[in-house]
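Form predicted on its own, single chain, as structure tokens, below.
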Amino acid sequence: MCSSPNGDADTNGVQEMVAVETRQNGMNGSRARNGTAHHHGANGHSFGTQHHNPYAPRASDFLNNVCNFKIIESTLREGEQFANSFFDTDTKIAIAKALDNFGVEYLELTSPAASEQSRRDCEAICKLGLKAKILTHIRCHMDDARIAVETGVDGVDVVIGTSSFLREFSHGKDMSYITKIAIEVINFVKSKGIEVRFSTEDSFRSDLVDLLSIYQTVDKIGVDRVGIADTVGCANPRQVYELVRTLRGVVGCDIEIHLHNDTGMAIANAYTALEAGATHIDTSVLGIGERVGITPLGGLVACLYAANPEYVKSKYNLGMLREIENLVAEAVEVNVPFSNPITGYVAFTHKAGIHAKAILNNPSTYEILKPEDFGLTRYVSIGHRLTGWNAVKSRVEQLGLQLSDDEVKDATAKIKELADVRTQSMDDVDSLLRVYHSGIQSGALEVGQKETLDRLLREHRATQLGTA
């Protein structure tokens, strides 16, 4: 499904792009054009002066967990709630193994109480011997808990709705009942010697006093984590920060957060939650889940990489991200979006002339992520009206042609002229450059001889048609 070098299915633009080496560490050696030595910045890119990373956590934020977090990967639970999802056992195992190789700390599976096949799949994944801990997600109900603990999971994630909406229109229970059943289920799971998390559902539309009261209660009886859920995607970063920070002050256990993306806030909210003291973030591959899904694994990784690339590289096998996303995209019959962080096919493509010039000199000018760290390639698109002569010069050098700067600028003007009619493919650009170079070398062409160049191009096309 995804034939693009960077993983998307639609690659019409790739033929007009060229993979580039920067002038710092590619064809022009390891020094910049002015000859000064370079050092490595926060993203591993080279530049002349050491810069402070503005995205890094501040030392004063003593509760900040941006550099001390765990991912609970929920593609095999939340992801099963995506409209297109149907994962058979083999697909679930393939996804579980891929995510484990990537390095996520936890895999969350659909409740074994959901169906007999769900139970068998849960047991099968538990027997794989993965490095990641295996969790299953259940209702706050003793019947579900009894089934869950028999599957071999490392932990059970318990959830119940606490907002007035869910108490009235979903399960119909009051907070006294919720507290009572939560204590019963948690104590039962703990008695089996496995992890237990208790989460409220629709946390951001629940009463704050109700939330803090039940979280304090379960914390006192030894729950491993409490969970906050933005079930309808209504929260903004300030609300997330305030709730997590408040909760951090009243419980001593870990804090997990589950964020839906209905208003496009899931990645920002996840990052803010870590800043406020959360320890665990729920994700799914490509963000798939109920409605428009939850925090996407790749987007969160991109955000956290910007804050501390070395830490993220040490935790996760970043080169596997594209493979995982393609695997899940194929399973649910969608394409990896062109705008997807990191793996979208234009994620590391540069088009405008001023961008291309700077990228060729120093990638940090227009990239906060380093494509090589994700096993991907940087591209400069040159067959269009916005192209610049520096980008064309880079292609000339890659083709092994000898042209002066004035000659490259003259060839670039012709590319722009043709691209005003239609975008030029990479083959179109290469043919023009070779014809231009041949004309210069033979003496048949000089800079500024537009009619001569047009004639040479016509003759070249006629020759090509004659030999076709």
Ligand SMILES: O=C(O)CCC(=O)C(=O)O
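The numbering used is simple: start at 1 and walk along the sequence shown. Just so it is clear, the structure is predicted and the values come from calculations on it, not from any experiment.
Quick note: we don't show the form predicted in complex with the named molecule, though the next part is all about it.
With a 4.5 Å cutoff on heavy atoms, residue 231 counts as touching the named molecule in the predicted complex. Interface membership of residue 199, defined by any non-hydrogen atom within 4.5 Å of the named molecule in the predicted complex, is confirmed. None of the heavy atoms of residue 73 is located within 4.5 Å of the named molecule in the predicted complex. In the predicted complex, none of the heavy atoms of residue 130 sits within 4.5 Å of a heavy atom of the named molecule.
Residues with any non-hydrogen atom within 4.5 angstroms of the named molecule in the predicted complex fall in just one of 252-260, 300-308, 354-362, 329-337: 252-260. Only one of the listed residues (393, 322, 137, 225) places a non-hydrogen atom within 4.5 angstroms of the named molecule in the predicted complex, and that residue is 137.
Checked against the named molecule in the predicted complex, the residues 92, 384, 77, 350 give one hit for a heavy atom within 4.5 Å, which is 77. Although the named molecule is not shown here, in the predicted complex the stretch 376-413 places no heavy atom of any residue within 4.5 Å of it.
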